[in-house]
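Quick heads-up: it's one chain on its own, the form predicted alone, in structure tokens.
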């Protein structure tokens, strides 16, 4: 069998693994395009595809109890051969709107791969729909897995168009914290630093609140998957923009806190560095030499976290990731130089279907690491779980302590879709 586990000392940046045929582990806690799109208030989603592609998105909508905001136009072979795909989309979307019996402000339309293959004239489709329903916002999404490898992935495209209903308003000095599916609260420095201004996060918004995003002066994104969309929003509305990476390095945290405070026109307060040192020391005393493994689904900067924990004496042995993002390059270089035996493992390589072992004495940070190590001790989170800055480190220490003391069953928990999203199951 091809060697899968690599020491970071022998790994290459930015693609440490050669991945061909992919394995999709049964870990579904991340949000898919249905979950993400449902955050747009007073919206419905229309998918246009064959029944085999439809299965997953329909199930997600039903699991959320949001099937009444979901419509589909199923395609068969005869539909493709008829040569009037544009008319089918226009008629199908129009009928879906006419049947909709709830308040409706926006329609998110999802064509698929076949529409690209057939060179369907989507400009004509959207022009016709907008003329037919001038009071509605039509958001041009896509469900084309072909773009996973080339071009913008469907989730990143969606995070760009889902703000198309927002228009510039009279400025009220607010700050939008967007681009991710998690909420920042008591474990994020950002909430403290922005406490004297309106802070707007998308989750749970009414449509009137959604429109108020246009009154803010500054947009912040902390998740690389949302960076493209929030940059595009900022450019369209002429709003200031900051990408504040979710680092665990004190120096980088300080730099980003200072940058934000400059934009807010306030003095940067002292961070809680000493409190972090105390919390890390107490956690080390509790965990002793228990093995720790980290994945990129739970922690968006897994190498930054590995560096923090290793520098504080923790026994970090493995990091699960498929690529190394640009923002992790300095951490990669540092770990190569100081901890060359740290192991890197992919999550989607086909050999990972058998590269699993049950180990109750491991503490996993992230759902994929928990799945591959079959441990009952794990922190179940996605996209950093709203952790940011010094308070983020303090919050993670709490979550690691809780995971160490309280067992849970990964086989039951990590297959559930959309962590933190409404689910009726």
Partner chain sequence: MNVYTSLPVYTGDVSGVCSALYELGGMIVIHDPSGCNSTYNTHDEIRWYDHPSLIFISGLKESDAIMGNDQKFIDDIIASANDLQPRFIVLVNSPVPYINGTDMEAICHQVSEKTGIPTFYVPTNALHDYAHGISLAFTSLAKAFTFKRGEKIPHSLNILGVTPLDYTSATCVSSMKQVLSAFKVVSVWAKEASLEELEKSLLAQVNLVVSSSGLALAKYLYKNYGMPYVIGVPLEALQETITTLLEKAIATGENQSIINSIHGDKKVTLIGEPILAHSLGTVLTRDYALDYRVLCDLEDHKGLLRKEDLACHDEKHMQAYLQDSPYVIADPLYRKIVSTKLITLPHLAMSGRLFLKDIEDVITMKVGGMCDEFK
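Remember, predicted model here, so these are calculated numbers, not experimental data. Positions refer to the first chain, counted from 1.
Omitted from view is the form predicted together with its partner chain, to which the following refers.
Could you spot which one of 282, 171, 337, 117 gets a heavy atom to within 4.5 Å of its partner chain in the predicted complex?
So the residue touching its partner chain in the predicted complex, by this definition, is 117.
Just one of 235, 149, 132, 186 has a heavy atom within 4.5 Å of its partner chain in the predicted complex. Which one?
By the 4.5 Å criterion, the partner-contacting residue is 149.
Among 226, 231 and 244, does every residue place a heavy atom within 4.5 Å of its partner chain in the predicted complex?
Verified in the predicted complex; spot residues all out of contact, no.
Heavy atoms within 4.5 Å of its partner chain in the predicted complex: which of the stretches 254 to 262, 216 to 224, 350 to 358, 194 to 202 has them?
Heavy atoms within 4.5 Å of its partner chain in the predicted complex occur in 350 to 358.
Look up in the predicted complex whether residue 410 has a non-hydrogen atom within 4.5 angstroms of its partner chain, and give yes or no.
It does: once its partner chain is placed as it appears in the predicted complex, residue 410 has a heavy atom within 4.5 Å of it.
May I ask you to state whether residue 60 is within 4.5 Å of its partner chain in the predicted complex, using heavy atom distances?
Close contact exists here: in the predicted complex, residue 60 approaches its partner chain to within 4.5 Å, heavy atoms only.
Quick one: does residue 53 come within 4.5 Å of its partner chain in the predicted complex, counting heavy atoms only?
Looking in the predicted complex, residue contacts with its partner chain include residue 53, since a heavy atom lies within 4.5 Å.
Could you confirm whether residue 277 comes within 4.5 Å of its partner chain in the predicted complex, counting heavy atoms only?
No, residue 277 is distant from the partner.
Just give me the residues of 380 to 417, first to last, that have a heavy atom within 4.5 Å of its partner chain in the predicted complex.
410, 411, 414, 415, 416, 417, in sequence order.
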